[in-house]
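Alright, here's a single protein chain in two forms, structure 1 and structure 2, each given by itself as structure tokens.
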Structure 1
Amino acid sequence: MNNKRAQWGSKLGFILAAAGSAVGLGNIWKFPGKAYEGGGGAFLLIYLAIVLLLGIPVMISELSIGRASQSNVVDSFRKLGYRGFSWVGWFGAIVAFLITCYYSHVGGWVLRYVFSYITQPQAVYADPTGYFYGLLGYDAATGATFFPWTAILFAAIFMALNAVIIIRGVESGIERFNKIGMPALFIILLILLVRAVTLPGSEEGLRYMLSFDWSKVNFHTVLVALGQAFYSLSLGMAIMITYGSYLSKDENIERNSVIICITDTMVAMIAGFIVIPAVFATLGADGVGKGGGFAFASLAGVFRQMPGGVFFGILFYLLLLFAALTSCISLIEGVVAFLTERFHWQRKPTTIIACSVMFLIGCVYTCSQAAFDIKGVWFDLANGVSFPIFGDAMEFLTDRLMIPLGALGCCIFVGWIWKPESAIAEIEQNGIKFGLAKPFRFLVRFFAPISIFVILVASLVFGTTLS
């Protein structure tokens, strides 16, 4: 073991950083819409069961691999004596790289909205949909497209913020930021929750979220809940193995994994109880949606009709900003840790170069949104061949293919190659008792890999959008 390797400065710092990684934009702008479509409380129960049976054991597995190897996501498997499984780490590192390319630009959009609500909220209110399209370089009135300079600029600022945090290191950068960012995120969540549930007309939305409409539950609903839990917890990427490698041997992996999963789930559920009642109270049930267009265009209409809407709009987009930052820095750290350890590069120049390359590639994502995605068309080449726009292609490659395959490989590795007994021995060092050892053996060997395989097949064969 490399004794000079970075470590978390405190137990709280690690939990906040790992929870911050898990808490991302999807918790806030996708989960509420999926809960609405999946029958409100019925979806919440299914989601909770999946987090318990799938999320926790896979997270325990990844953190155990990281701490046992004390290495980056690629070299972890070699350090444990199984070089043949290094492909799992490569998948994780590549996925983190690709996701950061476009996630950093979405973070830039969020930062732009924070700035807009502070400086020119009336411009957003005048035409919420047109304002969002204009940010991405599309004039809804004329149908003309133009280069989205503003979106690119704010994406560059957002990426620079991430780079500054990463350069400062694990304890002084990532941990210190999350000790500020995560409490701030929860404070904003609670303020918005109080505002949402006290709006006139919000009772119907609350009632829906607390009801159990099983008529909306089918196989697709379960698949969506599986995918949401899986991707929300940052599993199958370079993150949890990397973060686990910074853990000391006296950390309780079981307890920490449970806390991280509970924290992530709480944020998603609170977001549901903010967004659904607020939309019901202002736009009606037909206004509920999910994704970027819903978060930037539709919810701006919610704040326009809400008393004190400018203030609460600022808080909401600050919430998104903290969620984007805490997730993005974990993705970048996975890439930087791999590059610095594998090639013995210095942290500062590696971070600057990696962030610059990911930002530049991400510019194609923003530009493809401007030119094509808003109109919902594909590239049509002269020879008749067509293929998805850049953003769709990247999301398909990462979300539907590489993440499930990487996580499946991780489960097979822990369940059948390294063996659950090795993970349990790692967890129980220094006299720590692993109370979930027996169910962990079954879940990591059978339930988790089968569930991930179902996600993979469903998303590829049936075209189900899970993330």
Structure 2
Amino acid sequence: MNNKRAQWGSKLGFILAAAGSAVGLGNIWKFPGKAYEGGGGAFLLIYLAIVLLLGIPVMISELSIGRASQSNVVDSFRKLGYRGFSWVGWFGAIVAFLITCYYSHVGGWVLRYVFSYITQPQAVYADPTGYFYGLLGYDAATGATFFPWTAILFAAIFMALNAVIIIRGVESGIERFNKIGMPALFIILLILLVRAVTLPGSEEGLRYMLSFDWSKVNFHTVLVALGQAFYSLSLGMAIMITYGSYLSKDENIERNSVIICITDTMVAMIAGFIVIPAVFATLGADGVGKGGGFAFASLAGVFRQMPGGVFFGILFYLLLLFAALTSCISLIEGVVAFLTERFHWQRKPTTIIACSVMFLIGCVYTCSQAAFDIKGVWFDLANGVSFPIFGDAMEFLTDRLMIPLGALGCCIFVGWIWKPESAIAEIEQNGIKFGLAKPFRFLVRFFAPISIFVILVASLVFGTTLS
């Protein structure tokens, strides 16, 4: 659009930022529980196949669309000459917006836990579940509910941190933060892995994660794995198109995509091999929870049982914090890049307004937790169903519906409209060779769109009865 468009300062900077976007709460907060429910090893295999056959081609497609168009997610399709596909971009921007609303609040809870572990671990230890409920506005002892102002306050701080980094811009804000955050994350991850697998009794959890319980697998599991993989790779929405648009023409998109996908998947697997064995070793198999509270309520119980628990607890929540920040930044950048370029708004006020709006909507999420898990704060209208299902509805709408649809749109666009040849030409510039061009063409034209479509439809039709 203009030649002042931002660019990444270095190769490593881009990889770390893209991996930072991918590695997030999805890997550490969502993945282990889903892997457990999906049958351990069986789920891991399905997940791996999805990343290899669908994730990598879609990642390559999104980065090439972004770099070819040098544009935000909505305008990129128009820039390439296909206005009719702008809906894929709109979808992306809307999904990023919706996800940020709740993501920033969970980030706030994580920040609260980092503080709690540093300043008053005994309070968490005394009653891990009660502490978590208390954060969300429910007093388990008396049954009273109240406004969860601590959680809201920390969400506001978390959002403000994001805004500060985004306002500084692509290179000196986003890239610089990721260069610190990502290495820190890897180091913490490895320390925790060693701790978890050396706990007495962790073998059973390891065995579970390596066993293949296919009886738990159905269409629904496959859709969950698909939604989880795309969510985890930050695909099917504004992000990788936006990040690709800041990429210089002599970057190797193919190699970068493979590195980002492998890194993200490794982190998810390692998180699974930390969380599940640690839970088995301390709380037993029944301790593996499903809901969003698992990383908070149950894991606090895990750290309580573990030698050196406070130390490892601080590390764990710091890990989550870095992961959440680097991802949330990318979500907001997707929204902000779109708004500033589309409407020619200034970066700073746009960031502040967008962050405030998303934060406020997210308050519904935090406030509705107590109503959902236990009973009403605000939204427990006559003990009925109301906003308490906000979190679940959100996950269904974004992870299971809009993200697969956005990814499908992207495959159809690259496979049939813009054509794989254009993506290949975009990738093969400045003497770069696209070694996987042949499989890419096949996957993006046939395999990926057909399988995403089949999984989506099958699961919507049979999913509820089979699950």
Ligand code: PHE
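The first residue in the sequence of structure 1 is number 1, and each one after it adds one. The structure presented is a predicted model; accordingly, all values stated were derived computationally and were not measured. Definition used throughout: the rigid core is the maximal C-alpha set that superposes within 1.5 Å between two forms.
- The form predicted in complex with phenylalanine corresponds to structure 2; structure 1 is the other form.
- With the core held fixed between the two structures, residue 44 has its Cα displaced by at least 2 Å.
- A displacement of less than 2 angstroms separates the C-alpha positions of residue 58 between the two structures, with the rigid core held in common.
- If you fit the rigid core between the two structures, you'll see the Cα of residue 218 move by 2 angstroms or more.
- In the core-aligned comparison between the two structures, the Cα atom of residue 227 sits 2.8 Å away from its counterpart.
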